[in-house]
Structure formats: structure tokens, C-alpha cells
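This document starts with two versions of one protein chain, written out as C-alpha cells and named structure 1 and structure 2.
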Structure 1
């Protein structure tokens, strides 16, 4: 963990050089604002709000949250994933909340992702690129612009970057000042993540001790062999005098759905080295299933920035659409530029995914393939809570691996909604969660997440899959 792969011999760009970004709103870059004339979905009605212009102006003048050098480094890491030389782990909240920007909440998520990464690293015998759905995942798409309860109809909750969760007229009015608040919450989150991952929190020996706590539960006995092998490997390195100083830190990247283009546009900056625009709200941004229209504003805008990009692909995606997305978003076939995040559902993955994978394979394009086994498996429990079955989630992961094995392609990563807390939102797992726990331990404002134990169990199960292909 934290070691630059040996086959990446290029000089790394310093991570902390603000001078590498020209501190402007990038208005002078040709074509950057053409999205404003295109169909724009999933946006709040707030452009006539009296605070809209001032909020955007403040964001445009604020320092970037990430730097171009960090973004370029991540792209090189993702190029390794595309080539089958690394694995991507991406996880975090369905929708972050302002209230949860605390040291305890952030450290729990980072800790869980680090634990998962150690297990996956062992299973794959490859580096794991670690990426959080963190420090920017404050916006959520909605099926309807309005929500009705009884005789009252109000705007839908779109995440705390837009409006409040409580069903009152005051809370549900979209407020552009919330974008500024989200910026500051993201800055605080990134600051703490950097402190954790650079300050010894990510020490491989400490992470393995955390995993021992997981293994003390008899429900997880089936994973004892893998856990024991990892522990022996760590102790072997220590006995051989391996320099653990280099294993006390790790790279960790921030990602979110680029849903609010007003926010992303205000945080776009020009790299002084290349004169190219970068979204500086996060290292990696993705386009959702609801906003990936080929002629829409989201695809147009993100095609013009230099960040590595993701696109969510659901069961309605056709091979021709996938190839057109490649042409729009990665016309130069740049390694690490484009990631397809597949969210088919366990009922569809084995039937719908093969045609997409084969079309990309046959085109010669090199993308990162990642499974999102959460969004296609959402159900409503008998007591009314939105939930997911752990077994369905894992079956979609298995289907994803099976499709790639049959196509001769590489299953490059895992994208999950998870938390480091002991919540009860998804059913099942070895340490079983049932519906009776929802009333007291269900905390998500939007979609259900795997809890800490379920997340780590998933890592062990995926590690078993990885050992078969590496």
C-alpha cells in the first residue's frame, strides 16, 4: 500500500502545488459552456434564486479541492486497471450528509475501505486503487421532480447540496448557497482523509489487526483461511526486515457523481502546464444512468475536462450506445480515461452485459470495467424500507466475473454503497441483518448501504473470485 507501481517510471507531479492550477473560472476555454444550450436533466429549479449568481461566483473564486497532478496520477493508476495490472475499489455513502462530516464517521469509512483493500490486494496479487464516494457525493438524481405526501406536494429531496430532507416547504426549496456549504464540507473531508492516509492510519499492520477483529465472529469462520494467509504474509515481511515506513501511507482518491453542472462548472480550473480544463471538485467524476444521453449536457461538458470519467450503464444500454460513449468521452483512446460502471441487477447481468463487453473488446478500446451490484438490486421490504439483499448483491458480482471470464476481458473493479458504521439497511450477510433491525438502525436518507461487516465480507468473497483469475 502506498508504493508506486514499478512499471510507472514517470516523474510524479507534486500533490500540493497550487500553482499548477490557474485560479480562474476557466470561462476562456473554447466550447466549455456549450452544455448550456443542450438538454439538461436532473437539475434543481434555482437559477432565478437571488443567491444563485453569488454562490457560483464564490465557488469560482475558491481554491480547488484537488489538483491536476493528483488527477493525472489517478489516470495512470486506472490505466493499470484497464490493462489488468491493478484492481479498483470504489465505495462510500449513497448520499453524504453535512451532519456526518465528523472525524469518527470519516475515519470509519476510510478504515473499512482500507480493510477491504488489503483483502482484495491479497486475492488479486495486484495493487488496489482506493477511491471513496466521498468529499462531494451530496447530490442525488430523483425519479420525479416532486414528491406528494397526502395532499401536500413539494420538490423532491435531491441531496443536501440542493435542499433539505425534512418534508416542509422551507427545507425543500432548492438553495444554491448549499453548494458553497458542500464545498466547505468536502474540503474538510479531504483534509481529514489526507491526514489519515498519510499519517500512519493506513499502516498495513494496523489494518490487518482490524481484520482480526472481524474474524473473531464465528459467523465469518469461512474466511479464516484467507485471513490467516494475509496475517502470515504480513508477519513474514516483518520478520524479513521489510521497511514498513513505506507501508504506513497509501493513495486515496475522491469521487462523486457529476450531477450538478452548475457546481462542477464553478469548480473547473485551467491547468497552467497544458492549458486544459480540470474539474477540481474531485479526482474522478461519473455520469449517472439518468444523465448519460449522448446529446445531453452532462456528456458534452465532461467530454471537455481532463479528469478520468465514469459512466453508469444499466440494463437498457445497447452496444451502439456504449461505442458512441467511447467516441464522445474518449476519442483519443487515452489509457485510464474511461470507466464503465455496470449496474444491471442480478436478474440481468448475465444476459445484458455480454453484448456490451464484447462490443468494446472487438472495437479495440481499452476501458475499465467495474461492477456496481447495488443499484440494480433495490427492493422494498415488507415494513416499507428500501433495501437490498446481500445475496443478490453478491450474485451480481459473480455474474460480472463470469461474463468477463467468458469474454476474455478483465473485471477491473467494485463500486459499492457502504458505510463504516453498524447500520442495518441491507438484508442478509453471515452476521444476519433482518427487517426487524431497520426501525432502530436504518440511517440512510436515500439508498441502503452495506454496513461495516457486510462490506468486509464482500471483500473476502470478491477475493475468492480474484484468486481464480489472477
Structure 2
């Protein structure tokens, strides 16, 4: 249709039932495109690509991946977290890949997250809001636009929604058609997640089965014990004639970094019930540490959509920045709207986080505080691989809990890069992974993830921390 995004006049596909009023997007929301005039970081240079307009147009006419009603429900769940009445678990790949959109990989990831959720729910007697870095986590920020190897310089890999990983011109030149491919991969992923979590796979009576196929280790023995106790309790209640519908299914939400604004804009829809814009590429989106500039395009755009939002906060964040982010992204102080995902590094968390937490507490604003203990603890192993030490990761989690305890605030959640597979990317854990395993079991294209066992161990350690405060 040849519409350039700069003066976008596309009609939005409404999230509407037949007979409901159809709202159009840009016309109703003059501000929705003001991000286009603002500094925009971390985007591929592809606006003049011959397929750019048609890819955006196709995404705009595709059905939404999530429904605004689900997004609102998630916001209500996150309001409980902000209030200290639930815990948020976010986990998944650093960067999803198209190749890994398979039943096996998705089910291993979902099973691992469900197991972690069970450990946390049982350990801390708190409801857990379950969320995957899944079904849309395809775009990556990079420290430089170009990568040079020997004589050759090519665009950096920005995630499979933009370009390919292999270091060839064909793969590295950004291709807008990849956005359409990412949309379909996300749809397939979300479809399977929905089938799993609604269709019996997540039934708590199968709690022992989720461990099958994963290898033995101490965390598994502990898991088996909890699973056995839950199984007994559930069977006791069934014998008493109790029928709990809520044991059979669970809510599972999709989250990703809202980095690529062409993609997010094309998947924004106006909800016919509320007349408000929603990003429909996922339920929850976050703004990365590198794109959270107060006057930048990302903060402006996401301030205008109704989804619950996350913002990553690194060690250089100041209290005044945090307060300004609240003012821009949550001016109405809507419970559940805003989550701060803290990634300070174990060396900084105890020193830098208190001022931020106290400033927010004293301002009266209510946000969800989540620890991301992965991103501030990345090191380079002796043999060149990017890795993280399990002990550093855990120490940052402990620091996060200590800071909240001291401030009298609630440590609301955990954000981890993990997989259900038996990879070797992070060092340590009770299974002792060292550098020598990287050559054969390192699969991540970007950051190192906790494997299945390390993820379960992490859940036990976090459950212990949580039990202390609940």
C-alpha cells in the first residue's frame, strides 16, 4: 500500500467483536506517532529497504497476538505483586531464535518455568505470576552498529527479527521481512503455550511429570520431594470430594523487550472496549537499559500504550531518573502499570539500589521491583565465551532481598535468562559446570542462560529468601 511510516495513516485493525464500534488508531491518538520525531536508538537502518513498507503493512493487518482483556488482567495481577500479595517470575532466552521454535524446546522451557513457579508458590505460599521471555524476544540492542572481523565490516547481529547471525553480507543486511517471520514464529509459540497451560499440561496433578526427562541432581531430589507433598495434598483433597478448577490450568504471559519500534507500532491496536492503544505483540513489554532515555522515542511511545511496562535499571541509574520515569510512564499511578527490573551486578546492588528504592518509596508511588541478576554479572571466560557465575547471580539476588528488607519495601520478582535444555553457558551450580563444557554445550547466540538444573536451584534459593519475609 506504499504508506511510509513517517506519515502513517493506516487504519488500525480493532480488537473488536462484530457490531462493536471500530476505532481508528492514528486519528484517535495524535500523539501515538510523536516518537518518530524523537531520538531513536538501536534500530536497523532499513527504512529505505524495498520491502519495508509492505512488511509494516502486513503486520498492521494481521490479527493481534494478544487480546487487550488479557493484558488488563495481567495488570491486575501485577497490582497484587506491587502490593506484596504475589510474586512475579519472568524467564526465557536472552534471544529467541526461529530455529528453536519447536515443540520440544518450547515445552522444556514452559515446564522449567512451571517447576520454578511450583517451588516458589509452595515454598513461599504466594501466588506466582508466570511470564516467559518468549513469543517475541527476537530483537537485541548492541554496543556497536557494525562488527569487524579481519578486513570485513558488516552490520552487527540485532536478533533474528532484524538479521541473521552468520557473518556474511546476505545474512547481516537487515531484512524487514524478518519482522513478519518473527510475528508468525511468535504466533506459533504463543499457540503452543496457550495449549499447554490451558489444556491440561499445567495441571498441578501432573507436577511430578514435569521432572521426567530431566537428569538427576540435588535440586531435582528436592523438587521430587515437594512434588510428592503436593501430590499427596491434592489427592487428599480429591478424596474429600473437593474439585479445584484452578489446579488444572494456569495463566502464562508473554513478554519481550520493546526494542524495535517499527514492529511494535505495526502491532499496536486500539481496543474497542476502552478506546485505548495496546501493544499486541505480547502482554508485557520492557524498555532496555540502553533505550530508556527520558526524552527518547522508546519512553515516549510506550508511555502511550496501556500494557504493563518494565524498565531495566543498571548501576548508573539515579533516583531522579527513576522518579522521572514514573512520571512519564505511570503519571496516573495505576497499580501494576510499572515494573522496575534491576540489573546492577553483584558488586553494585547493595550500594546502588537502596537510593532508588527509597526514593520511590518516599514518593508514594507503587511499582513492582524485580531482580535481574543475570545482566550485571556477565564475564568473559578464559576460553572466550561470555558467561556468568551462578554464585554471583545468586549473590545479587540475596543483595536485592537485603536492600528491600532494609527499606521496608517488597522484592516482587525474579527475571532470569534460562532454558529448559541441558546447556552449559553459566558456570557453577551444584552440578559444577566449568569452561571445558562450553565447546560442546554452549548454544546461546547472545547471553549465557541458566540451564534446567541451575534454574530449579535458583528457584529454591529464591523461595528461601521469600519465605523469610512472608
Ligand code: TRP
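Positions refer to the first chain, counted from 1. Predicted model, so just to flag it, every value in this text is computed and none were measured. Here, rigid core means the biggest group of C-alpha atoms that superpose within 1.5 Å across both forms.
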Requested in this report: Determine, for this pair of isolated chain forms, which one is the form predicted in complex with ligand TRP.
Outcome: 2
Query raised in the report: Rigid core fitted, then: does residue 223 show a CA shift of 2 angstroms or greater between structure 1 and structure 2?
Result: yes
